[in-house]
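Given next, in structure tokens, is a single chain: the form predicted on its own.
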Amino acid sequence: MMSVQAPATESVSRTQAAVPPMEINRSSCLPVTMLLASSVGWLVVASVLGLVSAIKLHAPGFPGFLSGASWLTYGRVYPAYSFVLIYGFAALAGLGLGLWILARLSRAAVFGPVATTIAGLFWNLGVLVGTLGILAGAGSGYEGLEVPGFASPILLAAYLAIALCATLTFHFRSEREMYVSQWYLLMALFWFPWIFSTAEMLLVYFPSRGVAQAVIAGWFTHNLYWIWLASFGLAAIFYFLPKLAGRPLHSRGLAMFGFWSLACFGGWGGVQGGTPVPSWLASVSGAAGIMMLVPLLAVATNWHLTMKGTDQKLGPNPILPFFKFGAFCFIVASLLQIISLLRAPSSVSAHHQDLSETIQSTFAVVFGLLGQIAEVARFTHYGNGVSSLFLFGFFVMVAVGGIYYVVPRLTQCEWPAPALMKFHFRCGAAGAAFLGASLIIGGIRQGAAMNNPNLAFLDTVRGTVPFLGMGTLGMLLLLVGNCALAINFARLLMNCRCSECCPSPITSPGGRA
């Protein structure tokens, strides 16, 4: 395989004068710092809402003095938590890191830093209005699209403005050859407006009828997680992992294969088996979801061969574990998602004539067992466990690692408490593991109990309480770790010199400020 040089040392053709890294940092300081700082604030808010919703699953009267408040019921707190985590933290962190990575790889100043900052403030306004609307009972009721209809135009307009500035930054690049991270970032920038506007039109403003709502909602949620958020996270891993390891990416061809296979198969999923739609629709969606194994193997192989043999050479680095853990959780969450799409075969032949039939039968038995697990885990906490592992184990860890790397370079200030970074990683990794594992294992146990005709339904519900308690412990650890990040970030901003945080009047290669 041909190796690709790491972003910092990549040698490519240039058509315009490259902007020095210090000038790029100055141009991106205000918008990127604002986007990342607000994302950290929303991450703490999401952690608090997530902890409250986790407690309410096994203690509905919590907190006692506000147990009668309608805005604190589980049906409103959980959608608000999901909305704030995805649109408050993930979107802002992805856009901020993506804008900085695009500018650095393009060797171009950020286009329109003031416009990007204003658009980021409007996005924050949209998240605030949406959160208050959900807590007031105006949520849409669709997973991943909880935002009320009156807040979605603010979000879409702000996103389009930021995406336009990022695209123009890429357009005025001086490096013509594209790196892997740029492919994923451009896909994320263009994918979200399409799926968000389509889902809003067909589910909120002009709602479709019947089972079409379930199909559209499933398609949107699948694309939101496995294309949009995954693209931001994969772009960050492909950029930071080789850079921190000090060696080039193993293969550009393998990375390109993984990207295009994700683009081809990733957009077809979302229709669950058992949905009251024509069977071919669920079958096509399931087959496309299983084919996601192809890009998963491609990116995992590329990461493994890039990092192979580096453990002994690298010194202690508090940021690299965030990306390693995030990459590991992406692989595990993707495999668990693929397993949930398998179906148990009706029967397996017990007669084996030769070696090929024996191999085929062995695969059939293995896939049959995994399919039985998927059948049992359907309509349980299993799906929430996979989503939690994807969000907190993969995306949050990768985004936080990027924040720890980028912010000191923008503000010219070191983190005031480096020990909090290690503390944050331990709390975040333990919290994501507790939360994801408890819901996944508890979901399988819950499904097995639901299929037992001799067990009362209330006993099935009571059997999930220990696993929900472990999930609450995981949310508590995540909240503690995220508060450590917020404290560290606030102290850094107070210590930094404001004069170095303001963008200098840099003229972009296109001749515009």
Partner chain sequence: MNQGPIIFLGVYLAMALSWLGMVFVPEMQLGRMQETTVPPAGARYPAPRNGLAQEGRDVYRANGCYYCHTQQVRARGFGADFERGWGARHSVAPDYLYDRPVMLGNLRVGPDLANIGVRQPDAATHLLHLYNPQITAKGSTMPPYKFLFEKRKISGSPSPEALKLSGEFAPEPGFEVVPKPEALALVAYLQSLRADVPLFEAPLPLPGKKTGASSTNQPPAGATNANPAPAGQPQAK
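Remember, predicted model here, so these are calculated numbers, not experimental data. Residue numbers count along the first chain shown, from 1.
Form predicted in complex with the partner chain: not shown, discussed below.
In plain terms, the part of the chain that comes close to the partner chain in the model of the complex, with a heavy atom within 4.5 Å, is 77 to 85 out of 331 to 339, 386 to 394, 77 to 85, 293 to 301. Each of E146, I216 and L455 comes within 4.5 Å of the partner chain in the model of the complex, counting any heavy atom. Just one of C165, I195, L410, V129 comes within 4.5 Å of the partner chain in the model of the complex, counting any heavy atom, and that one is I195.
Scanning A417, I441, V114, V211 against the partner chain in the model of the complex with a 4.5 Å heavy atom cut-off leaves one residue, V211. R378 belongs to the set of residues with a heavy atom inside 4.5 Å of the partner chain in the model of the complex. Of the heavy atoms in T275, some are within 4.5 Å of the partner chain in the model of the complex. In the model of the complex, R176 approaches the partner chain with a heavy atom inside 4.5 Å. Contact annotation for S285: at least one heavy atom lies within 4.5 Å of the partner chain in the model of the complex. Using a 4.5 Å cut-off on any heavy atom, the residues of 222 to 259 that reach the partner chain in the model of the complex are, in sequence order, N223, R252, M256, F259.
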